[in-house]
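Before any questions on binding or motion, here is one chain by itself as structure tokens, the form predicted on its own.
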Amino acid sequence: MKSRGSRGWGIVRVAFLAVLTLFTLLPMVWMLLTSLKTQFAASQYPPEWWPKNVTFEQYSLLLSPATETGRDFLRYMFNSVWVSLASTVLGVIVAVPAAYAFSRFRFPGRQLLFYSVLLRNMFPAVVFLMPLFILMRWLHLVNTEFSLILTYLTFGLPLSIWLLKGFYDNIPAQLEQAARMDGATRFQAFFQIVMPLSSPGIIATAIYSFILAWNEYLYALVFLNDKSKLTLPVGLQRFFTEYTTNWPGLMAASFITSVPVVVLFLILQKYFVRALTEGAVKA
């Protein structure tokens, strides 16, 4: 009876995961199929589920520097890569020592300061739109990529610090003490002992920061008004016009935009899962 019941629950779990996977993949599949259709086929009703005349015209337009659409799209992609990578690198550089300090050092107001860092995540991002815009205007950073980099750094740091602090809490301090007894300085013990052990948490933090910056739309829309500095989420608006929408082009651009994030997560997912399961045990 026990084996029969466990087998039944196993079938239920597999069926649930299959439905969840299908629900997750269906938008991506529909996006890809629509990008391979002609404009006429994409506008048909009832919809044409499978493209009869497959065409890669939209992809060739988007990825070709010889066309205006291609030049604009490649420029948007370069801007997104630059902003996302800069935000990720700066976020890791700031989050790693901050999380280590919260984990290893005891100083007055430590708990209050730590929870005040997390307090920002209790509010939606739109609440900070006007204050940050005024701040960026005062710093003369409006319509520059640096305004987005600083903004994304602000949004990504709280969770990054929280993840890394939990990871450092699970690394025994005795390892550093043993290195110190062998003549290593605190910095040497940190870089040679703690950093390699915390690499899954650092990678997870980098993934989170990169995805946040890559997908962000609202602040990129408000802070940037120069066409040459737009990022991909805002640049996709160019496929919408007053009288018609280039649905195949929009779906092709959206699919290309989604690929880097999906590939990055698939390659590094084991580090991300490990960081969430090990690093988030303690806070």
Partner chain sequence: MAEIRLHDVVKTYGSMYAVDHVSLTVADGEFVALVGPSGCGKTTTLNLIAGLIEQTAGDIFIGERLVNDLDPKDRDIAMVFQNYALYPNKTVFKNLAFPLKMRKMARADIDVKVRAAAKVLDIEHLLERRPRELSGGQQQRVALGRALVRDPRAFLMDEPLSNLDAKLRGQMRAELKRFHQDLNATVVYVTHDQLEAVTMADRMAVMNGGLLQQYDTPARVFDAPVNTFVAGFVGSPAMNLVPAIVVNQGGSFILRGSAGWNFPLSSRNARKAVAASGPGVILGARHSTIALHRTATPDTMPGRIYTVEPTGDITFAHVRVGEANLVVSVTPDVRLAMDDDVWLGFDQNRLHLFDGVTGGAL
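Remember, it's a predicted structure, so these values are computed and weren't measured experimentally. Numbering follows the first chain given and starts at 1.
This next part talks about the form predicted in complex with the partner chain, which is not shown.
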Problem - Contact check for Gln174, Arg180 and Leu197 against the partner chain in the predicted complex, heavy atom at 4.5 Å - result: yes
Practice task
Can you check 113-121, 181-189, 209-217, 131-139 and let me know which stretch has heavy atoms within 4.5 Å of the partner chain in the predicted complex?
Solution key: 181-189
Practice task
Would you please decide whether Ile193 lies within 4.5 angstroms of the partner chain in the predicted complex, comparing each non-hydrogen atom pair?
Solution key: yes
Problem - Stretch 114-129 - residues with a heavy atom within 4.5 Å of the partner chain in the predicted complex - result: none
